[in-house]
Each structure stands twice: as structure tokens, then as C-alpha cells.
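Coming up is one lone chain in C-alpha cells, specifically the form predicted on its own.
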């Protein structure tokens, strides 16, 4: 990113202080969000989300696997993010690798809860087929195509949209397998179950610039931040995960205030995202009928 002059830095901070950002938005207003689903035919589900100048893609691949022995009644989900060097020159080499790792682990925390699986926004028990023996493994890949800030929220939205586009094949389990044998399973080519995303949260990142915080920060705004908190919140207003960036410490009372603001903002984002996903799915179905 091009370095900002002192005048530009003061202009950004001054605008935020007066609730009028450089692009005309208020502090708690998102840029227009655009969603497209079913963009990768080989994947079980996929989606593209554009948030202003930020453009990301998420894909989901469902494969049969074995449950983790410590969670025999749950499937497994892994999330990996790739930051394309074409999106931002600083993504070349180590810079891109570090950001990929940071975004992947933040998404794991926000969507999958703790290591025990408690608080997970994605219901892992729905991925179980035969307890302790067979489950679905979901491989979720995110790709940053272009970057103008707020990558985590955009990737979270793309994953939610890709999961709502995900069709998991119906599985028949052979009844004659003994308890110690690996059961035989028959995966249908024609019957699919739609993945239920009602509990999947949205991620709201509040970026603190000066004394105020903003949602959906651009890259220039992020360069002026002291810290940022990302909260993943489900439709019921429950917090599924929380992660913090930036070196500046935050007073606990400020964190509580930021969580309460995130909760308020998440309702608008969830409704907007749901209607965009529904419109994209309808578009998808129309295209299939035409073909």
C-alpha cells in the first residue's frame, strides 16, 4: 500500500471523528456487498463476495473421512486462506504467508469455536455419518482476489455464502458391517442434502481509529488503527468467537462496548447477506434451468 502523507492521515482521522469517512460513509456503515454463488463447478459449494474494492472467493469440498477419536460423533472442518500476490504487492512471499496464516486461524476461532468444538458456528455433529467410523470432512478454501481492507469479514461472508451453496451427497450405510469393521457406504450421485447455515455466524470487525471505532475499514483506514476486534455473531445474537489485532491494549469496558455495537451491526449485516445469498441462489437456479 502507498504510504500516506501526514495531511492524508489527519484527513482520515478527522473524518472518522466527525462521523464522515473519506468515502462518505458513517462510522457504522458497510460498503455495498455483492454475492455470487456456484462459481466453481468442481466444488461442493462456492461463492464470491465483493465488499467495495475487496474481492474474495470461498469454496467448500466435502470428502468422506474418519472422525477424530476425541470427537467420534463429529465431522471435521479445516479452513485455509490464500492471499494472492496479484491482490496486493505486500502479499508477495512472507507477507502473504503470514497474513494467510493469521486469517485462517482467525476464521477457525470465529467459525469453529474452541478446540473442544464448543461454541462452533458450524454444526460439526451434522457431519457425522457413523459414530467413530465415518464422517464428512469439509475443506474450506478462501482466496483473496483483491484487497481494500476488512478481509476477515468478507471471507466470513463468503464462507457463509459458500456453505449455503453446498450440497452434500446422501449416504447409505451397509447394515451388515460388524462393530469392529469399517462400514461400507454408498454415496449418491443424484440425491443431495443442502447444508444448513442458519447457525453460521457473520463476522463483524470494529477497527479503532483515534477515540472512535468503525466497521468495514478500507486499507487506508486500517493503516491508522490502534487495534481491531472481530466478533462472530449468530442470528440469535450469541457470540461464537472473538479475536483481536493490533498492539494497543484495550480497556475491558471498551471491549464490552465494542461487542454490544458489533451485535447491533451484525443484525443488519446478517439480513443484507441473507438476502444477497438468496438472490444469488435464485440467479443460479435460473441459469441451470436455461442451460
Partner chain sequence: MEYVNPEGLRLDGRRPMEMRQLRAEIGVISKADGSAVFEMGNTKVIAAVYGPREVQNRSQQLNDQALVRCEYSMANFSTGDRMRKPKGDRRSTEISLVIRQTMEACILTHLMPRSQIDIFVQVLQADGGTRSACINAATLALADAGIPMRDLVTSCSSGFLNGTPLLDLNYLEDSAGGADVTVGILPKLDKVTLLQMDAKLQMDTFENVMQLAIEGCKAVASYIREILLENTKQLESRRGI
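The model shown is predicted, which means the values in this text are computed figures rather than measured ones. Numbering follows the first chain given and starts at 1.
As for the form predicted together with the partner chain, it is not shown, yet the points below apply to it.
Look at 159-167, 188-196, 121-129, 134-142: in the predicted bound form, residues with non-hydrogen atoms within 4.5 angstroms of the partner chain sit in 134-142. For the options 106, 209, 200, 87, the residue carrying a heavy atom within 4.5 angstroms of the partner chain in the predicted bound form is 87.
Taking a 4.5 Å heavy atom cutoff to the partner chain in the predicted bound form, the contact residue among 155, 83, 110, 214 is 83. Looking at the partner chain in the predicted bound form, residues 30, 151 and 227 place no heavy atom within 4.5 Å of it.
In the predicted bound form, residue 59 approaches the partner chain with a heavy atom inside 4.5 Å.
Taking the partner from the other structure, the partner chain in the predicted bound form has no heavy atom within 4.5 Å of any heavy atom of residue 238.
Of the heavy atoms in residue 265, none are within 4.5 Å of the partner chain in the predicted bound form. Under a 4.5 angstroms non-hydrogen atom cutoff, the partner chain in the predicted bound form lacks residue 255 among its neighbouring residues.
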